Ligand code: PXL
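One chain follows as structure tokens, the form predicted alone.
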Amino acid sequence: MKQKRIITIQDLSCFGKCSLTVAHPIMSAMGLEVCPVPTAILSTHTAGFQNWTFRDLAADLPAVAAHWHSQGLTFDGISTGYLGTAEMIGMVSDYFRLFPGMVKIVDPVFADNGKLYPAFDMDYARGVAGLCGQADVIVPNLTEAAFMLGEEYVPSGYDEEYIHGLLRRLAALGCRTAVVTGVNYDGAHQGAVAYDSASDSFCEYFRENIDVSFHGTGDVFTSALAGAIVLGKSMERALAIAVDYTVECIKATMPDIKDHWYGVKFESCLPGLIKAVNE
């Protein structure tokens, strides 16, 4: 059987559990041939560390795409994460154009908890919304969803009708499937809800809500979700795989949260992910 091949475009933190540092090993463990395209290299991720180093690699993205295209390479999927500039949004669009037929999965990665990440503004949010319109599957959190739609962020107290409406409006950007993460209806459970605009159907998956925050769990979730989708899993099954894996990573890190505050121990949970993918 031919091995499935996926491009992942995002930054690389030499220390920390986020972006390419988690995407490459997670999707590789799932059995995919992973082709990483780093947008930047950092000494550490930027949450909780001081005086980190940063080197912008954006200028290399067009050359990588052009070389791959000249070699006749083909890909089954592409997953994007933190990009950082409007220029890079356009570069990702070029990857979409040069390699048709692959499943295009976009995680907007520009805001959370009602706030934009540093260095981003609403023009960037609108630019990412345009990229999402070119994707097959988008994976925003509630903040990113609201900002891309130009709506007020609703942190809590929402119901299923609100989330379903939000997903329909996200799909109207142009993607086939919209997934919203961090959905919590009752305070006790948290998960993700997806809407397939082609079939006009919803699916969801929830686990217990663990009241703790780790940097990079969104990247862990999207990596597992993208891997499952490219492997041909149904959206319902992909949500279950990604939510379960993310929760298990958090639980595995809780006993060591003081020393391992910078990210989850995703490595120790890879055997369970591999088993889930092969069931």
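What you are looking at is a predicted structure, and each value in this text was computed from that prediction instead of being measured. So that there is no doubt, residue numbering starts at 1 and follows the sequence shown.
Another form, the form predicted together with the ligand, is not on view; read the next lines as being about it.
Using a 4.5 angstroms heavy atom cutoff to the ligand in the predicted bound form, none of 21, 34 and 79 count as contacting. Only one of 62 to 70, 216 to 224, 243 to 251, 26 to 34 places residue heavy atoms within 4.5 angstroms of the ligand in the predicted bound form, namely 216 to 224. With the partner removed from view, the residue among 194, 170, 109, 92 that has a non-hydrogen atom within 4.5 Å of the ligand in the predicted bound form turns out to be 109. In the predicted bound form, the ligand lies within 4.5 Å of some heavy atom of residue 42. At a distance threshold of 4.5 angstroms between non-hydrogen atoms, residue 47 is in contact with the ligand in the predicted bound form. Not displayed here, the ligand is kept clear of residue 206 by more than 4.5 Å at the level of heavy atoms in the predicted bound form.
A residue is said to contact a partner when one of its heavy atoms sits within 4.5 Å of a partner heavy atom; residue 117 meets this definition for the ligand in the predicted bound form.
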